[in-house]
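A single chain, nothing else alongside it, follows as structure tokens in the form predicted on its own.
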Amino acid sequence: MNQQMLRETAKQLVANNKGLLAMDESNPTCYKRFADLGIPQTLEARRAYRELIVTTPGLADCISGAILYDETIHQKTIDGTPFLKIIMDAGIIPGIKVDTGAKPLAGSPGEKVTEGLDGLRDRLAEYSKLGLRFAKWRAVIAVGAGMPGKACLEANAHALARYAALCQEAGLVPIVEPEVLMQGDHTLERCRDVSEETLRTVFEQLYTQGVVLEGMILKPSMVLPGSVCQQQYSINEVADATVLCLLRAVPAAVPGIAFLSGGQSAEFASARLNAMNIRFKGRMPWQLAFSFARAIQQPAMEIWRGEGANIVRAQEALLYRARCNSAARRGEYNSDHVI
């Protein structure tokens, strides 16, 4: 393990008001989003959409790293240029999703544990040879009656920690993603409590497995009310609940926290990140960044709709949302334009 290299890569991923672009959707997830917009559900459509993303001019001005899917790292543009080459030539650090999905947790109805540890050491070695420099593993934590249970939290935290240790052994920075799901009617306060318990459990396991905290990135969900919660909360209330939770549970040694969007609209995700960086400026030991998928890509996909004539406008929309989130890191975002 080269600890210095891990530290430097982790810092680069959250430097210069940039963030991560999560373009690691599985094929079934990609097809679901295509189907909603009438886009053909084919291999070529997936390739064309990813080409649209990686060839967007100026993307590296706002994006430090791209989380890829295994299929994507082997794909090429229509003229035969590998996507990996385009990404690296632009100065964007390539990474890879390595978990194999969340499956039902035995003995815990309604809860899941993420799988993918079997054979992971060998897969990480191959990814490292290809030039990838970080990886991502997502755990999902549901909130509901009696959930999350201790078994769910500990199983997912243990898997995240073992994954992170294997990544660092292979020279890859682990993106540790414990997502507290928005589905449900829980309040902001309930989400805050669950988020804090989840993070404490995860970091206890990271310590146990010997993970170098300076060489990792945390990718949590924001503290949000459930999607069908009756009570409304302001942008500032969400920002305060989120950062105060993180201050209580995330060690200062972690260089950066890159939020997932978790089903938020593009505008809300940017506005809430912006509020955090305004209200807590100078009070946070780590960088607050973004690692968004739909909150950057969805407007572009809605414009593209599988039509070549729409590529330029779709790329402009993609770059605009990336710039919005870079502005949110500076505390300069507003819904009308980017400063």
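In this text the structure is predicted, and so the values were computed from the model without any measurement. We number the residues from 1 along the sequence you see.
There is another form of this protein, the form predicted in complex with a small molecule, and it is not shown here; the text below is about that form.
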Within 4.5 Å of the small molecule in the predicted bound form, do Arg7, Glu214 and Val254 each have at least one heavy atom?
-> no
Answer option from Ala60, Ala293, Ile311, Ala45, heavy atom within 4.5 Å of the small molecule in the predicted bound form | Ala293
Among Val238, Leu260, Cys152, Leu132, just one has a heavy atom within 4.5 Å of the small molecule in the predicted bound form, namely Leu260
Would you mind picking out the stretch of 161-169, 72-80, 205-213, 260-268 that comes within 4.5 angstroms of the small molecule in the predicted bound form, counting non-hydrogen atoms?
-> 260-268
Give a yes/no on whether Lys219 approaches the small molecule to within 4.5 Å in the predicted bound form, heavy atoms considered.
-> yes
Would you please decide whether Ala328 lies within 4.5 angstroms of the small molecule in the predicted bound form, comparing each non-hydrogen atom pair?
-> no
How about Glu177: is it within 4.5 Å of the small molecule in the predicted bound form, going by heavy atoms?
-> yes
May I ask you to check whether Ala322 falls inside a 4.5 Å heavy atom distance of the small molecule in the predicted bound form?
-> no
